[in-house]
Every structure is written in C-alpha cells, then in structure tokens.
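The chain below stands alone, shown as structure tokens; this is the form predicted alone.
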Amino acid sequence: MAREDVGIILGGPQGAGVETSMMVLTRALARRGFGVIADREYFSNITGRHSYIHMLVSSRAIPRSLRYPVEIIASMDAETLFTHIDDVANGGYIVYDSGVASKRLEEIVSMEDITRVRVLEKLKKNGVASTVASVLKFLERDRDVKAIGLNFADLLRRLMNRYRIEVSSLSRYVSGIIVSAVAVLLGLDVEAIKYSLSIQFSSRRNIVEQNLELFKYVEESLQSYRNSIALEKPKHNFRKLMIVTGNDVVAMGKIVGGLRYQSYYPITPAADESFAIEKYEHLRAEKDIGSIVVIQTEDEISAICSAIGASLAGARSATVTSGPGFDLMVEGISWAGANEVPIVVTYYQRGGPSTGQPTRGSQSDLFNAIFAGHGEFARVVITSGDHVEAFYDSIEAFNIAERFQVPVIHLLDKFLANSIRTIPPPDLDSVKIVRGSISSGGKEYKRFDLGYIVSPRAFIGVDDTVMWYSGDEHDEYGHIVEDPENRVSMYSKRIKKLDLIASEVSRDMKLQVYGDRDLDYIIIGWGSVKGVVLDALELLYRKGFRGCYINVKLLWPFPSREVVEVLSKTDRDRIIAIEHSYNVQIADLVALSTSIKIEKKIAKFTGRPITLNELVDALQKLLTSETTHVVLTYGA
C-alpha cells in the first residue's frame, strides 16, 4: 500500500558525495510534486568521518520536521549500518554494499572510540556478533527489515568498462548507486532522475549519461523491489517548488530586500550564505542596476566595521557570522549602537562554547545576541522559525534597522542553515522596502538631532553636509562632548528607541501563536524548533491534548505584553519552554521580561535536531507526570 510519507537516511564518509545524493534525490522528488525536508549531519573534519542525510518525503504536505525510525537506510559504507542500527523501522529497507558484509566494527577506524564501545555493548546485549552480516541478520530476524545487498564493485566495474573511467575516479559514482536504489524503492521514474542529474551536473553531460547508465544497472538488480515503498500521489497543488537551504533563502531575502554590501569572514555554518549572494551579485532589471558588493575581509572585526561604513554611505549593508565571529564583532556593534547605524548581522548559531561543535546545531547564543556589548544601547534581535519566515525576515531586518537606525541581529541556527526544504516561491508583491527617515543634509544638518528619537539620516557624501562620527559620547552634530546634561539627553534618545520599537513593530513580527484557543497547555520557543513543535501539537491533539505554540520572533526588545496575554490562558504549570540549550534560555528571558517563571522545560544540546518521536514522548511525560525537565538525546 502506498504511503503518505517516507523517512530516509543516506549515509557514508564525509566527502564521498552524501550531500550530492541528497540534492539529486530531492530535486527528482520535487519534480514529481513531493514535499521534502532534509537535514545534513557531518563532522567538522574535511573527509572520512561519518556523515548522513536524514530526510522526510511527503505526498500530503511540505514536511516540517524529521522523525525516527525511517523506512529506508541507504549506506555507502559499513559504518553507516553500525551507527544507525536503531534507526530503521520494523519492515523497513536497508541498501548496502555486499562487499562489506564481513566488515567488523573493530576495523572501522573512522568511528570515534566512545561510539564504537557503545555500539559494541548494544550488539553484545542483543547477542549479535560485530560484523555487518550479523547486524543485518539481526535486523531481518527481529525487525522484519529487508536487507538489500548490491555488489558496488561489480556495478562500478561495469560502468568503468562501458565508459573507460579511470579506477581512481570510480568512488565518485558510489553516491549514484544509493540514489538509484532509493529511487527504485520509491518508484521514481528515470525521467525525474535525469532531470535532477541534468541540473546537478549541468556542464558535464558525460557525468549525467554515466549516472543514468548506473541507474539502469541498479534498476535491473532491484527489479523485484521497484515500488516496494511507493508514495501516494501528491495531494498539494503547488505549480512550482523551490529547493533551498536556510543559507540560500536568507541570501535571496537579502537580495530582494535591497542588499548592496555584504561582508564576511569564512565560518561554518554562515559562509554559504555569502557564497550564494556572490553567485547572484550582478543584478539585472529593466535597466542594468549593477552589483552587490560582497567582500571576504581579513577577519570579523573588519567585516562588521566595513559593513558599518557602507551603511553610513547609504547602502543597505549586512555582515554574516557564527558564534566565535560574532564575539569579535561585538565592539563594532557597540559602536553602531552609539552612532545609530542601521546594520544587519545575520548570526547562525552552532555548538559552543569556543569552537565547540562547529558543524552541529545549537540555540545557546540567545543571551549573547541580546546582551553582548559594552554600555547600553538599543538593538533588535529577531529570529525565524523556518525557511519561509527566514526569507521575509531577512527583508524585515533591513526595514527595522533603517526605520529605527539600530543594529539588527537576525539570529538563526545551523539546523535551518544546513537543512533543505521544498517551499513555494515567495509572494514578492507582499514585500515592502522601508528606508526610514532620510535627510538631504545641508549646512545646518545635525546628524543626532535631539528633536527626534530617530533623527533623519543623511548619507556620507551628500552635498554641503558635514557630520562627525565617533566612539565617544557626542552632541547633535557628532562632536565629542562629556557634558552631563548632554549625556543624559543623548543616552536617553538612544535607549528610548526600544519603547518605540515595542510600540510600532507589528504583532506578527513579535510573535505568532499556533494551535487551539480552547487549550490546556502552551509551548513557548523560538527559531527552528517551530516545525517539530507544530507537528507534535497535531499528534498530541489526536491523543486528547489541546495545546498551542508561541513562536517568539522578536527576541529583543522582548514582547512582554503580548507574551503575557497568551501565557495567561493556562496555568503556569501547563507552560513548557523548549530550546536547543542546557538551560532553555527562553524561559529565563520570559522570567526576566514578564516575571512568569516557567518550570517545565525540554532541552536538547547534542547538536542534533529535535525529532518528532522524542518530542511527543517528552511532551506527554511533562503533561502527565510531575516531571519538570526532559533532556532529549536521540540521533547519531
């Protein structure tokens, strides 16, 4: 019987083409109208360590979250099979290289010792020997898993002989074997694969042809498995779907929002956003309107300072970084606060402290984004719950920055940055560009005119206009002044922007509430936990739990009044905070801003995304027992 959705893991060594496999499959599935979400998990080394793609494909909707177990595991190597031994569903399918059947766990040097010991203990507990063949036999016997062995060496040899491919290049085609196998199991047709390969290898027709030949070999080998786990016909009617990472969609939003200058120093997972902008930096409209300037600076200090300079000259400017880079930018952000510079910092969180887990996700930098810096000044911190929000929020970040002349930090995370989703194209007619109060300057121009909370802004270089910028306290012209009364006036002018922002930013930009009005529990969170929480709400509704989710978007200034209004709809002990951090910092922020103390918390700080199965279990535990704190750990 056809299914509404199918979970898939594609696994192999870092650098072996796992990400390419994801792109080829995703594009082929989207071509046939299926919704896809895919998360990429990988070590921070260049090559060799285990990496995998965790996907969910749906015929019903565009997926919002990932779940375990999955129906298909397609492995390039033995390590994938040992690592994901618990992840395959009863009755699921495993595609593997029959050439590694005798491989022992102890022989896998790329696996970390602590992981190997844990897997060995698991095998020992189940009475399973430490070979691939034993693991597969165990899964076939105890979980009715169908293990499909393909002779990778034989398939590659046929391809090599057909196209005279050098032996040293054959490993590049292993990803094509697992793509083909998954496509056959799902019943995907060769035309969809051909379409996807043609885009993936657009300038290399020979690679497309060779991969199609490989698809033919695999299809011949798996004739009896075709459509084994077929999906239902897609039910949604999107005429077009975009396939984007979080980095991609933020880059698109910035370009649409009028970005003219972007600086960066390479850092994971932020750098890909700048690479995407570089690809499309030359803008063409009815008239050729020039380029976006994208500059890789020598460090993050230069990145923030050059973006500030571009902003002072009138360009919509931004910089992008991750935790360690943001720390280096802090002095520049304080300078922008003192000089009321509209600047956008896109901040992708990853696992800290220090270098921490540079390729894993986290939400533990919330307070760093809100409070980093010396002295007091107005700043705005916004966040996005998914790829669609991230597009529009990237534009709104510029609007808020220029309207209120403050630094805006767009706080995202690795889960959103590196995950791929199919989304409908954004509605460009709904996009508004708001540049705030702009002055033409003149000889009497006062850059920090105390007649306004947000003084009209003239750009450096306008005719007959002189203005001064300094890190010191200053008067209305920008001259350095330490007079106490001037200090009170200028200091207050800057801080009062927070009240103005709180009163003028729309409620939708502050928070969004999903779920039942007649509710008996509330979840509060922010950022990329949104998708999995919304799916959990639906599952729990079917079990009789009626709840809602507060997706906080404006993290600072915190929307205290609006949050209190929603939280007052249930008892305090029915409020649950969720976050990818140890302390669940959003609960502390709520307490700081509203005096409401949230006791019940769900935390995950393994660096892996929260999955639906573990979240539903945790919520049920919190709603039906005296438990107040659940730490989630699932995921390899």
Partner chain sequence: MERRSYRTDLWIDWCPGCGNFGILTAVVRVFEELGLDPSKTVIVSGIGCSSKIPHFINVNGVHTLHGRAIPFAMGIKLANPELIVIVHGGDGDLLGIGAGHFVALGRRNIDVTVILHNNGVYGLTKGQASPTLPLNAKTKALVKPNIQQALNPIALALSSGYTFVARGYAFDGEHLKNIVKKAILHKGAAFIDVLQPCVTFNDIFTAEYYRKRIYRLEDNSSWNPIVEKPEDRTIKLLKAIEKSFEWGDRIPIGVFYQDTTVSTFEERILQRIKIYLEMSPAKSSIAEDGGRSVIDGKRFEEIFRDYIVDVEGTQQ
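Given the structure is predicted, the values throughout are model-derived calculations rather than measurements. Numbering follows the first chain given and starts at 1.
We do not show the form predicted together with the partner chain, though everything after this point is about it.
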Non-hydrogen atoms within 4.5 angstroms of the partner chain in the predicted bound form: do 238, 252 and 331 all have one?
-> yes
Heavy atom to heavy atom, is residue 326 within 4.5 Å of the partner chain in the predicted bound form?
-> no
Is residue 69 a contact residue for the partner chain in the predicted bound form, using a 4.5 Å heavy atom cut-off?
-> no
Taking heavy atoms and a 4.5 Å cut-off, does residue 225 contact the partner chain in the predicted bound form?
-> no
Residue 467, heavy atom within 4.5 angstroms of the partner chain in the predicted bound form | yes
Please pick, from 518, 166, 508, 463, the one residue with any non-hydrogen atom lying within 4.5 angstroms of the partner chain in the predicted bound form.
-> 463
Answer key, the partner chain contact in the predicted bound form at 4.5 Å (heavy atoms) among 335, 549, 404, 217: the residue is 335
Residues in which of 349-357, 477-485, 449-457, 500-508 have heavy atoms within 4.5 Å of the partner chain in the predicted bound form?
-> 477-485
Within 4.5 Å of the partner chain in the predicted bound form: residues from 585-611 (heavy atom criterion) | none
